[in-house]
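Just the one chain here, laid out as structure tokens, in the form predicted on its own.
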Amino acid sequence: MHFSSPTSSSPQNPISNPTNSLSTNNVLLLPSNTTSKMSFIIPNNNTNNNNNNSSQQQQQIISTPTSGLTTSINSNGINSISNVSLSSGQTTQQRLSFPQRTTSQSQQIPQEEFAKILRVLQENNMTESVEIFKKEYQSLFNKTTSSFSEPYFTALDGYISYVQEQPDTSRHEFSQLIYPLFVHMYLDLVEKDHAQEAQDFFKNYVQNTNLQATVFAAHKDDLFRIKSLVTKELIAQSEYVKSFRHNGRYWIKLCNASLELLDQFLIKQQKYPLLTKIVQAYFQLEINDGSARNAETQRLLSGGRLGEIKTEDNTNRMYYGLLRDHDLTRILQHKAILSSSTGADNEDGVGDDQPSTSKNRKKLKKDFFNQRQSKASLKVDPNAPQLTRIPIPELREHERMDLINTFQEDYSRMLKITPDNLPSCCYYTLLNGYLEINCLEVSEDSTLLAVGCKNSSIYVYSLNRRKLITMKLPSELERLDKSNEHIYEQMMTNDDSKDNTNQNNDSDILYNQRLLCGHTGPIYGLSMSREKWFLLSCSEDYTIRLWSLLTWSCLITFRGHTQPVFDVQFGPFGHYFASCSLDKTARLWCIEHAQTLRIYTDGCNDIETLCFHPNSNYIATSSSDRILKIWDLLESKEGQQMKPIRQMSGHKLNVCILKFSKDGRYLISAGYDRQIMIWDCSNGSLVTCLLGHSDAIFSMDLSRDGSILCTGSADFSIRIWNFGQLIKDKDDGKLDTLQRVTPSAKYELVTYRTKRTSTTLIHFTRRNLLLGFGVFIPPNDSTTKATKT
């Protein structure tokens, strides 16, 4: 494994290329008796009762600015013509239409004649005649459809036709039921030993291009899983079916007007008892206050395996503020004070003309934690947790002094990133590692890089020209003066034995490296402690190992997971760490104990990635059902199950990376669906969605001051976003919260591109220099996208 030389690029010359029941006035749970009424809903007398309950010719009608004839081609290759008359300036709109069921080749159906007659009847508003004609046509020519699956086709076709008749402003709300109805019907057919009819049912709707672009667009990954469930045994073993059918009801939010119409159609009219039965058994409907949401907002919040998140799940209080009384927080927040002794600019951009002297620096170190607090620091943050809420050890004296020294030097030279002063990017390309490297981790001070490989080995590299240090032998440690202020520095020595023996042979080596072996399976996750003393690794062998970066050996193996461990991460204060696994649990650990402190269970879904909150009181996880959850580390009352305090749904594919903002208020998520979604932790709502990448997003980081967001993708690009301006616009009410989609051009500052390197890791140094790390993809490989296990 080799490094290529780091390269710098600039914006002008970029690198090329997831229960308690709710109150009855907010939630609708359909009664189990099919003849009962939803009495608290006012019936709508204007509901159109003339719904199609049988199949019709598949068509796609697209609005155009002018009047005219619209021609479309159905799945059987038959042209159909619809007369569309629209006013000028009307926006393009796709109407749902149910597909035509296929027939055998031995019995051809005269569909052209049928379409012509049907069109004439529709043009003359002969609704009853249209319905009678369809029934007669089906009874005469469509005999190939099985009598058992016929009610399923008729019910779903009837509902799709009902959705099509709704106005454009509310049609998207009714469309939410189509996908779960389709899945439950398909599973019913398979469970009742009608596998072939179930496959015909599946193909009949999934192959419809109109449904693909609207209803099924957010569920492509799940449809791929459903297609393989062809027997009862496979359904009984499927984790997806357990999650979809037995992990809760499918949650749908509707406005009051839409809910009244749905009640009229399902309960009062009783035209399709099969639909009513499925909705009663597997659905739960919640009333949204006000009018119907726009289609774009609903599209963004859809994609969860069980629909949207119920409002009650996000009502518990979350203390997202920072621990202001902790030493580390004080050091990080007082960088202006730390840099004042060097005459550097402070946070407000005001320079200090006082010269730097050794006397001033010594006084700063001595009085920093005993200094008089300002009025701003004495102000109590109502959103910050108490320091004793979660036991967090204080920093030791030498740790505090070391942090003051390092931050004093680095913050005095930190770059202030603005749209006119963008960061430079130093990119490291890992060669000969395609399909062999699974994960990367860089130290907080940007001097060490750890690489986790598929062959169960871990490599640690030095990113500067200094050799990696190691601890002295025990005989040498005994002779050291333990009262010395610099005892920790004296315990270490530079490993330069190679240079003494083979100075000529390795004089051209720029990076020293170490190899850590112990796991028996591929490495899936790495995390390095803040002070660079420890390294955590998780693997397919169900274990987590804690490595010492001083003795370069494994200190302890943490066992508890019963399936491969996907991710592991140190807490912001280094005392706790968390892990997540295929065994559907996330676990909280402490480096001083070998047993698990907390276990967070996610029902029927494996947990794939996690992230610590900056105040170390919460962790965020993402699972295979694409639901983001925030868990409280505070111990629950005895006998109570651990439940997430926040759940957020919106991603269409699995999430790869999570990141909290520097102030802890916002959670940023990104993954395979190429969406960067920003969530407000105070209430679990979606702030906005950033679009711009054309492939999966694997890496993400925020600048040291939290104003710049950087994302790395498999599309061979790194994009920089003005996160600070986005939050400012949100606070000022200037952010478009109706559509929830922010054009990339509005907040995207610059794009750096690589030739054939998929960015796996992004990191901002203490001075706001951007570091990028990626694995080079050979040009002779047919696959041009990076893979992540």
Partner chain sequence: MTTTEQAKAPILHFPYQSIQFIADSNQCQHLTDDSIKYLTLEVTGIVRFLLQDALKFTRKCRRTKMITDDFESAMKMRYLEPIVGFRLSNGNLPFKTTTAAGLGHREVQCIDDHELQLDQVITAPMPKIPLDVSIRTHWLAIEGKQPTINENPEIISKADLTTDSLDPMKSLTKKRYNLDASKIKTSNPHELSLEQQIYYKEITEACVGSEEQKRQEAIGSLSTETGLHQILPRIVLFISEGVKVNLMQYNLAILIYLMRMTSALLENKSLYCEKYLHQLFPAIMSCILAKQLCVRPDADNHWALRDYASSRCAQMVKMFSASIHGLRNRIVRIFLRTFHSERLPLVTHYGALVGLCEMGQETIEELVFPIIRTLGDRIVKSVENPSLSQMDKTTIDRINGVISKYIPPAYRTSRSTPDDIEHFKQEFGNFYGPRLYTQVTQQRQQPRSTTQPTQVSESTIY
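Numbering follows the first chain given and starts at 1. All figures in this text were calculated on a predicted structure; none of them were measured in a lab.
The form predicted in complex with the partner chain exists for this protein as well; it is not shown, and the discussion that follows is about that form.
Asks: Just to confirm the contact call: exactly one of 236 to 244, 467 to 475, 527 to 535, 627 to 635 touches the partner chain in the predicted complex at a 4.5 Å heavy atom cutoff, so which is it?
Replies: Residues of 236 to 244 come within 4.5 Å of the partner.
Asks: Report the residue, out of 282, 272, 542, 552, that has at least one non-hydrogen atom within 4.5 angstroms of the partner chain in the predicted complex.
Replies: Spelling it out, the residue with a heavy atom inside the cut-off is 542.
Asks: Using heavy atoms only and a 4.5 Å cut-off, determine which of 425, 578, 309, 218 is in contact with the partner chain in the predicted complex.
Replies: Only one option qualifies, and that one is 425.
Asks: Does the partner chain come within 4.5 Å of a heavy atom in each of 429, 582 and 656 in the predicted complex?
Replies: Yes: each residue has a heavy atom within 4.5 Å of the partner.
Asks: Is there any non-hydrogen atom of residue 718 lying within 4.5 Å of the partner chain in the predicted complex?
Replies: Answer yes; at least one heavy atom of residue 718 falls within 4.5 Å of the partner chain in the predicted complex.
Asks: Hey, in the predicted complex, is residue 753 touching the partner chain, heavy atoms inside 4.5 Å?
Replies: Yes, residue 753 sits close enough to the partner chain in the predicted complex that at least one of its heavy atoms falls within 4.5 Å.
Asks: Using 4.5 Å between non-hydrogen atoms, is residue 203 touching the partner chain in the predicted complex?
Replies: Contact check for residue 203: yes, within 4.5 Å of the partner chain in the predicted complex.
Asks: May I ask you to state whether residue 437 is within 4.5 Å of the partner chain in the predicted complex, using heavy atom distances?
Replies: Flag for residue 437 set to yes.
Asks: What are the residues of 548 to 567, in order along the chain, with a heavy atom within 4.5 Å of the partner chain in the predicted complex?
Replies: Sequence-ordered list: 562, 563, 564, 566, 567.
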